[in-house]
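There is one chain below, alone, in structure tokens, taken in the form predicted on its own.
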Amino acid sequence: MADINAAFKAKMVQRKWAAMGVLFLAAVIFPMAPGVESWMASEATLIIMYIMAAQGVSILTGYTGLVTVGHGGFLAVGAYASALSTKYLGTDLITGMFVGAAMSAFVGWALGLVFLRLSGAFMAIGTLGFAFFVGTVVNNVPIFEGREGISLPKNHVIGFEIGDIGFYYTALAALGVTTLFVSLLVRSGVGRAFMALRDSEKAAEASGVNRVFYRTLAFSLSAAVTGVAGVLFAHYVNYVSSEVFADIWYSVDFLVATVVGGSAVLLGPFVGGLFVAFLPTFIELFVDQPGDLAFIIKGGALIFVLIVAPAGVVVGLVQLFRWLRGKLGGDTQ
């Protein structure tokens, strides 16, 4: 029985990486496909940023069990850290990603210490308060230039100016790195400690898992990944301001993307990020005056997924496929 389970798990891992490989190959080919214009690559870049932000949320919510509604704050931290380093130090996009990740990780570590005793709904409310706090800071502290904002120059990578297509491939490469990082993290001892705390904090502590260390580490790593998404977002629009990055709905969108796609599965943020980022554009193609229709659909999708497939769309589809295969297999006997 143990050999059968091991073989099954190995087969599932192979299928997961095969699907991921096909997905990234399609993403690499996409800008070169016939009929694809630069604005389409630009729209795909936005989807990549949502996927990365959802990956950051999944580390905290899916693998550590800490509900967050404040990752829009980490998006802003990463964006402003890169914007300020670009304005005052002349850093390029790649350096900005390291700066944004480091600053977001530091803020995440501090926030993890502050919220050490919180969990569940109290954690969600606390992180929501953090997002509001960041919005207030960037709107009122002079160095962040409030609503007037900070304009950024054209993007450069290792000294070369990049356009929409070049930026798309840079974002895709960053997504590849974060995806590999999350995958290795989950399979490592650190990831197992995260999941042990998620399943039962008391049992994990009794087994020798340091709750303080691993919870603050989870906050730091989660914030760093979302901070990189913030850096890309800032350089994507070449502008940061409180009107853009003080929007609390980013935090909600990231949580929706994580829950809808699947918070504890590698492909989950891809499905959820695609849904959340592309939905407004899709609606505009068919509805002249969409209004708040996108928000209504997101809310409805979230409720539907929580009822029908609590583990997310990806896990729900896998379970449905197994059920159908079992039924069809049974019918043929």
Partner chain sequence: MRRSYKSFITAAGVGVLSLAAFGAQAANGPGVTDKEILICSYQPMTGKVSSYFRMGKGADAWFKHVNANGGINGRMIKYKMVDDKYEPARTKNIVKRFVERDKCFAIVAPLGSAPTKAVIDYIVEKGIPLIGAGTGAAKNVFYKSRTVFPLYPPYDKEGTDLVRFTKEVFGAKKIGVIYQNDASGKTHLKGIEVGLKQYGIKMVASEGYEPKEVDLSSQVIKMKNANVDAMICSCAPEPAAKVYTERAKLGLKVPVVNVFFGKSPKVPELAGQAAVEGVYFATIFREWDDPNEHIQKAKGILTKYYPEEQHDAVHLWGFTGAQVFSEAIKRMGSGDITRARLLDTLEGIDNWKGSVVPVVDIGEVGPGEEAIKHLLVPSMNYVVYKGGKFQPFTPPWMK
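For the two forms, the rigid core is made up of the largest set of C-alpha atoms that agree within 1.5 Å on superposition. None of the values given here were measured: they were computed from a predicted structure. Positions refer to the first chain, counted from 1.
The next section is about a form of this same protein that is not shown, the form predicted together with the partner chain.
Heavy atoms within 4.5 Å of the partner chain in the predicted bound form belong, among the stretches 99 to 107, 73 to 81, 136 to 144, 223 to 231, to residues of 136 to 144. Among heavy atoms of F30, none comes within 4.5 Å of the partner chain in the predicted bound form. In the predicted bound form, at least one heavy atom of V276 sits within 4.5 Å of the partner chain.
In the predicted bound form, no heavy atom of A26 sits within 4.5 Å of the partner chain.
Residue contact check for Y239: one or more of its heavy atoms lie within 4.5 Å of the partner chain in the predicted bound form. With contact defined as any non-hydrogen atom lying within 4.5 angstroms of the partner chain in the predicted bound form, the contacting residues in 240 to 261 are E243, V244, D247, Y250, given in sequence order. Relative to the superposed rigid core, P290 undergoes a CA displacement of at least 2 Å between the shown form and the other one.
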